[in-house]
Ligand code: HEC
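Only one chain is given next, in structure tokens, and it is the form predicted alone.
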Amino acid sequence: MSDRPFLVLGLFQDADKLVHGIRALKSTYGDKLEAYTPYPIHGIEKELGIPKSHVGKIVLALGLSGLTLALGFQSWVFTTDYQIQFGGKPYFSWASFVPIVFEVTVLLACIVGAVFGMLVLVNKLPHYSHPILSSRSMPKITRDRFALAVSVDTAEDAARAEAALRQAGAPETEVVHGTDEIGSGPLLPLKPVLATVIICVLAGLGTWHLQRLWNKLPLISIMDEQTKVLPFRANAFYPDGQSMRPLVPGTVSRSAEYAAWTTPEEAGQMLVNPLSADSLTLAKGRRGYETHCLVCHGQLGDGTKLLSDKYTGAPANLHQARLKEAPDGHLFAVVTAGKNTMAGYGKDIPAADRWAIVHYVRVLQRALDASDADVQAAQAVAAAAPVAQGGSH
């Protein structure tokens, strides 16, 4: 250790006397003052004139970097690189990204930003050569004494600082010799990195060696021994002894159509046809009618079945007054759930196609008993239709 005086320590009995000493010497020594205490003292940085630490800015920058990295990576994976549907959620389901975003943000902000930012960038560690660590006062500072340090360059400065500290109320003083220089050379900036690498290598080798000694020691035994139920296996937990449980009453699949109505009359009051009666809808409804309905209700919907007489059912005549006056929801409910001997087509025909069939039934009803207005409208449509090229008139 160098014989050059480095600093002078003055030990105080409590924090209030330390703050009083700082105020007494601040005008003389300014930024040459530093305090060492066994526990943090609120406001002492302001008394010493120490600027606000940059650790907060480092933590904020790395935290935002972690948030951006995690959110951007997950967004790219699930929307572009590997699209997977989870429970009908959109590809960019930001709520499901939150756990990973939180973990990466905390990892970079706390571990990298706070720990390494404070140790390496702010405190310049690893650096173990500070002279105060080997001073006589260090054991007292770590217990119950409050030290005020004055940086000095010569023995004369040390003598004046010692006298000033005693005059400010320090009952004990000590002149600390040495230097805080950490050396020089091209490898100096790499010392923290090299120290971290060495620690990681030693930790890895130690773990590998322990695994060789106790290779049968389970690391996460709870996951290996967790209670679980396999399909088609007996299970004494339930009274019926079965592991596969029936569905809860009222359970429906995600793709199932929920029906709040129970009768066609209720459906007529609750449901409204969501489709417009355009040409595409009527064409789709005609295909659906001819595929599923025509064989029983007939080409015109008048109940003239195409089946043999061995079929004793009596298909409804769709032109009777009560069905003409029934709301669209009533007809939709009959097509969906069936009625009398007619089976329901809710599982076989999509809802949009069932509504299209209802539109086509309305066309059949009006076509068989068309009013003068319907005839005039049909003639107007025919007159506006383009004439085929090449034919004679």
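Note that the structure is a prediction, hence the values are computed from the model and not measured. Just count from 1 along the sequence shown to find any residue number.
Another form, the form predicted together with heme C, is not on view; read the next lines as being about it.
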item: In the predicted bound form, L108 touching heme C (heavy atom, 4.5 Å); value: no
item: Proximity of A314 to heme C in the predicted bound form, heavy atoms at 4.5 Å; value: yes
item: In the predicted bound form, L323 touching heme C (heavy atom, 4.5 Å); value: yes
item: H359 within 4.5 Å of heme C in the predicted bound form, heavy atoms; value: no
item: All of H292, L318 and V334 within 4.5 Å of heme C in the predicted bound form, heavy atom check; value: yes
item: Heavy atom within 4.5 Å of heme C in the predicted bound form - the one residue of C296, V176, M138, V152 that qualifies; value: C296
item: Contact assignment for heme C in the predicted bound form, among A352, M342, A367, L64, heavy atom within 4.5 Å; value: M342
item: Partner-facing stretch of 55-63, 40-48, 25-33, 325-333, counted where any non-hydrogen atom is within 4.5 angstroms of heme C in the predicted bound form; value: 325-333
